[in-house]
Structures are given as structure tokens and as C-alpha cells.
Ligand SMILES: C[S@@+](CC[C@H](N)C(=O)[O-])C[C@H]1O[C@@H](n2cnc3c(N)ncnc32)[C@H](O)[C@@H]1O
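In the form predicted alone, a lone chain appears below as C-alpha cells.
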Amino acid sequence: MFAPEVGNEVAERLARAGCVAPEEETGELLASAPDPATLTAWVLRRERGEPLAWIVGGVRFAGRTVHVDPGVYVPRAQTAELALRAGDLLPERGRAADLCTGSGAVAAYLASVRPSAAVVASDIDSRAVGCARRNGVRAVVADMDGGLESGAFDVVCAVTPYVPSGAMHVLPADVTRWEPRAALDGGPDGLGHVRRLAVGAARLLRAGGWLLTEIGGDQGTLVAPLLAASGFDSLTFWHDDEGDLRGVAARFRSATSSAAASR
């Protein structure tokens, strides 16, 4: 639809604006824009740093297109590893809860690979819940595990905020300027929400069920004892291609062992 010189101009403008993948983003803009006027408006928005997913209306995640409303946390490509692992652990007719679901990307993936399973999701942000529902997810407005049935799930997963407050400044400027801080800032050590998640997941999971969540940096050494205190064992950490810590999976022993560990 657009002449090659238009694409070259857009790529140059995005590069000057500091976009790290200007050619790739140009391709998405050209493929999604219905007309030249819209393309011009979209390029201006991207030059100001607005997330590309908000502009074009979605993002590719784990092989699927996920709708993302403006104001909703944009699912990261790195989170696909959590989704894949959760899908492998979820029984064919099991039950999964995706907490802090955001756009519902992980929950939508689980529902697609385990169509006979029951997948529910929650988020404290009503905008996020509306977005997740647009992605076909059974989502409710709730704070973490609030309102979900105890001892009913085989898998609980969450991408909680886990960036330490003191490290927020190292994130890209457009991320901190545009995306919701509440979806990023995890408190002094980044694990404030993970601590709550461990307690909530212990309530939701059946014995032998699995919790999966994202962490980073040196949080592996900190998260192990807090998970153990809530009744989890068999911790498995995963890393990205650069060797950076990206997440942890842990098995819930039982409610009895969890209570004993807390004494």
C-alpha cells in the first residue's frame, strides 16, 4: 500500500527518535495503518515514545496476536518462556489462575494450548481486565488472589511488578514515561508483590501444583527462602540467552507443610 520511500522515511525518523528496532517497527506500522494520514499520526506518537503496541492495537506474544489497550502494560517477549512452561505444567483438564494478568497474554496462551482446562485471570486494574476479556480471557477485577477458590488450581502464574524502586531509573525512558508504574515497581528489593504472591498461591494451589513468576537480577537468592516459607519446593530458575535470571517455578507441597513452615 505504501511506496518503499515511505518506509525508508519512517525507519529513519524512528531511528532518530531512538527506537532500537526501527525497521521492524516500521514494518508493523506500515502493515497496520489503514491510510497515509493514520500512518503520519502513528509515527508522531511513536516518536514521542508511546508504546508501539498501544498505537497499532496489539503485539505478537508466544505466536499469537494479543490486543493491548492504551494504558495497559505491554506483554514482553521474554514472558513467553513463563507461558510456555506454565502450559507444559497445566494438565489437559486442569485449572490455572493468571494473577496480575494485564492484557491477559499468558492466560490467553494457556487457554489456547489447553482448551479443555479452566483458565481464569485477575488484575487490580479494571482497564487491564477489560483488555484481557477482549482477548477472550475469563478475567475479574481483584487484588492478586482475592475472590478465587482455595485449593482449586494446578497452576498459578503471575508477572508481578519486580523492578526494585531504586532501579526504576535504569528502565528505558519511554517505558517509565508511558507504562503504568504500578505494573513495574516492586518496592525496595523488588519482591514486595512476590511475597504476597507466594502466600496467595499457597492458598490457591492443590498439593503438587505449581507457581511460576518472573524475577530478575540477584533475586534468586532472596526468593528461595520466601517461597520455602509458604510451602514451596523443587525450585527451577530460568535465564535468557544472555544468562540473566528471568523467572522461577516452584512446586507447592501442601497446606499442612506450608503451615508448619510458617511456625
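Just count from 1 along the sequence shown to find any residue number. Since the model is a prediction, treat every value here as computed from it, not as a measurement.
What comes next is about the form predicted together with this ligand, which is not displayed.
> Taking the shortest heavy atom distance, is A111 within 4.5 Å of this ligand in the predicted bound form?
Contact with this ligand, no.
> How about T160 - does it come within 4.5 Å of this ligand in the predicted bound form, if we only consider non-hydrogen atoms?
T160: yes, in contact with this ligand in the predicted bound form.
> With heavy atoms only and a cut-off of 4.5 Å, decide whether D125 touches this ligand in the predicted bound form.
Yes, D125 is a contact residue.
> Given that this ligand is not shown alongside this chain, does N135 nevertheless sit within 4.5 Å of it in the predicted bound form, heavy atom to heavy atom?
Contact with this ligand, no.
> Picking from 101-109, 148-156, 88-96, 170-178, which part of the chain touches this ligand in the predicted bound form when contact means heavy atoms within 4.5 Å?
Result for this chain: 101-109.
> Just to be sure I understand the contacts: of R60, R45, R196, R203, which is the one whose heavy atoms reach within 4.5 angstroms of this ligand in the predicted bound form?
Comparing distances to this ligand in the predicted bound form, the residue within 4.5 Å is R196.
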